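Here's a solo chain for you in structure tokens, the form predicted on its own.
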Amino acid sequence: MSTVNRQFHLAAVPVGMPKESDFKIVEAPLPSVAEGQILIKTAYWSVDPYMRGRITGVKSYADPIRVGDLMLGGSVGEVVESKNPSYQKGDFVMGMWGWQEYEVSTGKGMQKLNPQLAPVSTALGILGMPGLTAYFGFLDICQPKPGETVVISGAAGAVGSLVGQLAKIKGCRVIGIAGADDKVDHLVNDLGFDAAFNYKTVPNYLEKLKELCPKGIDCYFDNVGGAITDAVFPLLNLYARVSICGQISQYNLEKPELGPRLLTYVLVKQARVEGFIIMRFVERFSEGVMQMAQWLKEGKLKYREDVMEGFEIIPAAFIALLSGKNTGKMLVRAR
């Protein structure tokens, strides 16, 4: 086993879209394992849109990652050495040890995984933070009712693709918005969306939404913000619910976009617009995982993983995610 632990640190605060040079590999000595600790070898690294907000140098809902700091994020790994009776060699765990090949831990804050129930990678996707984000962000905030029309932006991503399927489970009519024709095909033909469109080839979002939502929009799950969201608000129905999950179209802008003032639509339609951070539901995570796992077992949910290979590729995978090149959950697998 290696005596070196390779890590990715933030090398510079990105300006606009991050570049691979904004991250650097640092070689740290592999710590010895003390009594009560475990050594984990990383098998999968997660890259997620929220990470972009953490490398701006500004505190938002999470502490910023400063230049020189280890890049943080969800990871899954195998216990390769244990001096902790709660963990055995060969156990798989999920935690937030970030972009590094090894982690030494007491096990606190780790989730032990059962590879017999589902592939361990799902702990970073459908049975992890993206799945919980879809579950609580849609079901709790939008409170969908059978027959309602649901629109989802960023619909082919790890969260949006699950929101659409949850909406179908709840008996809704579901419209997805994505950025490629193959993603549109995936949403409709694989995941059961009623309709979808490619925002990169549609010249007028408002007219397209009017065509696909002739009875208006009851629930909007927003992952992207920007011009797409501007087009949704005029079509909101009375007492519509809007769940603000992300604003990925804005994350890499060097200057804020100017947009229309939308609160008149909220007022007139008596709509509810609510942002959320998933950690607000932390005490109910077990509920969400159990229900998502049950629907997965019953075949009511499908998932796709977009997997790149090799530790060195993590920054490129992150940039690809922010560029919208993924379908489903973006992961990096160790070689």
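Start at 1 and count along the sequence shown; that's the residue number. Keep in mind that what you see is a predicted model, and the values were worked out from it rather than measured.
Beyond what is shown, the protein has a form predicted together with a small molecule; the following relates to that form.
Q: Does Gly288 make contact with the small molecule in the predicted bound form, using a 4.5 Å heavy atom cut-off?
A: Contact with the small molecule, no.
Q: With heavy atoms only and a cut-off of 4.5 Å, decide whether Tyr220 touches the small molecule in the predicted bound form.
A: Answer no; every heavy atom of Tyr220 is more than 4.5 Å from the small molecule in the predicted bound form.
Q: Does at least one non-hydrogen atom of Gly192 fall within 4.5 angstroms of the small molecule in the predicted bound form?
A: Contact with the small molecule, no.
Q: Does Gly157 make contact with the small molecule in the predicted bound form, using a 4.5 Å heavy atom cut-off?
A: Gly157 belongs to the contact set for the small molecule.
Q: Could you tell me if all three of Arg54, Asp69 and Phe311 have a heavy atom no more than 4.5 Å from the small molecule in the predicted bound form?
A: Looking in the predicted bound form, the three residues Arg54, Asp69 and Phe311 all stay beyond 4.5 Å of the small molecule (heavy atoms).
Q: Which residue among Tyr199, Phe92, Phe233, Tyr102 has a heavy atom within 4.5 angstroms of the small molecule in the predicted bound form?
A: Partner contact (heavy atom, 4.5 Å) among the options: Tyr199.
Q: Out of Cys142, Leu113, Cys172, Val224, which one falls within 4.5 Å of the small molecule in the predicted bound form, going by heavy atoms?
A: Selected residue: Val224.
Q: Taking the partner as it appears in the predicted bound form, which of 70 to 78, 212 to 220, 103 to 111, 172 to 180 has residues with heavy atoms within 4.5 Å of the small molecule?
A: Correct option: 172 to 180.
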